[in-house]
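Just one chain is shown here, as structure tokens, and it is the form predicted on its own.
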């Protein structure tokens, strides 16, 4: 009987021990945007991390980049957001300002403090994610966009890509007019088209070239310099189907079809990462020397030389997650980001670490000089805790003039009213 009692006690101890171990399993969910090259290496990093931490299980969820903002907003509203996520900083900024994301756990990522972390990165790399002296994200990439050109399409229209590439937006429209092929009113080959969802990154700099701003410096007034805005809206209207019919938001995203080299897209606006995707999507075109990269154009009468804004995708941690999960999330992020050269070589994304930026390998990459030169002409994307909402309003204004018969002035008035209403509610 005594022996039986001992066995029962032992079984109970083992059961409790197994239960305790089971309770220590940490499940992390990581949301990120589609990138097949990055998926390959990050799945490997996650598998390695799980071996290092047998009690951790990571679920990596991939979403279309254009849908991530809405999906994450819905998830946070339902208190069901992932432990780790990345978005463009102009969309992440609001979560930071609303205290929905956790500050970096410096000890978890192997640093003494914020200053030690910043010392290893490009100056200003953390400005966009710093609030009250705390850093709220680690950069998966720092990105700016330039113009990719298919040389063959230029030559097919009698143009020399090395000499005739567009330096101004006026030239961009005229050259696109020579490159475009239509079947009736339907465009079957575009010379160039815009990245329509990302107006803060690429359209706002066009306004700034003409001296305009979205919000005044004191943050109280919407729309600075009406004439600059009206000129850009007129340019977009003339670009669209009711003008010169050069492109439209209704067509497939240019950067997604440019790689295919199917004679349907001569130029697209994209980041250095496009080269990594091109290498996978179309290795023959990648190796062909039939493409090139040029700087972001300016208007002929620009008052400022402003290139396409640069932005970051920062990996952030959900502040609603338990502290134990938050700590492990930061450890996973630090482990993935400890491979900057592989991210650069396999995915062509730039993590702004000083050691990599100064390396010979980095400086010798194709057209890196064009991207870095444009970075010097640019500034960080416009940031505001209502930036996601502002971008939607700009989208509505642009599409109103491009796809309907709304006048530029009507679209601008509506844009101003909507943004001003938001600004007034902040004060």
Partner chain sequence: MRQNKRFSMEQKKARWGWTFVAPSLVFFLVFSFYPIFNAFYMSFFKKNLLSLKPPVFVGLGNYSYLFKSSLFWQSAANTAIFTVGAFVPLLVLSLVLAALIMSRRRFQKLIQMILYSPAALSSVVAALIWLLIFDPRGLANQGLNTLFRTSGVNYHWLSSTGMLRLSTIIVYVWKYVGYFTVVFVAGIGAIPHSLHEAALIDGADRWKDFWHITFPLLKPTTLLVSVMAMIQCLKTFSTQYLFSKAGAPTRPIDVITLNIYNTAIKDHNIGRASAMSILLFLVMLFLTWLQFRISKTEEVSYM
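Remember, it's a predicted structure, so these values are computed and weren't measured experimentally. We call the rigid core whatever largest set of C-alpha positions still superposes within 1.5 Å between the two forms. Positions refer to the first chain, counted from 1.
The protein also exists as the form predicted together with the partner chain; that form is not presented, and the subsequent description refers to it.
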>> At 4.5 Å by heavy atoms, is each residue in 66, 94 and 249 next to the partner chain in the model of the complex?
In response: yes
>> Given the stretches 28-36, 370-378, 41-49, 390-398, which is the single one in contact with the partner chain in the model of the complex, using a heavy atom cutoff of 4.5 Å?
In response: 390-398
> So, in the model of the complex, is residue 289 in contact with the partner chain at a 4.5 angstroms heavy atom limit?
Replying inline: no
>> Test of understanding: in the model of the complex, would residue 357 fall inside 4.5 Å of the partner chain by heavy atoms?
In response: no
> With the cut-off set at 4.5 Å between non-hydrogen atoms, does residue 218 touch the partner chain in the model of the complex?
Replying inline: no
> So, in the model of the complex, is residue 424 in contact with the partner chain at a 4.5 angstroms heavy atom limit?
Replying inline: no
>> Exactly one residue in 170, 264, 327, 281 has a non-hydrogen atom within 4.5 Å of the partner chain in the model of the complex; which is it?
In response: 264
>> Considering non-hydrogen atoms and a 4.5 Å limit, which listed residue (131, 341, 116, 188) is close to the partner chain in the model of the complex?
In response: 188
>> Just to make sure I understand: among 56-92, which residues lie within 4.5 Å of the partner chain in the model of the complex, judging by heavy atoms?
In response: 66, 70, 73, 76, 77, 79
> Quick one: core overlaid, is residue 255 moving 2 Å or more at the Cα between this form and the one not shown?
Replying inline: no
>> Once both forms sit on the same rigid core, is the C-alpha displacement of residue 311 at or above 2 Å between this form and the one not shown?
In response: no
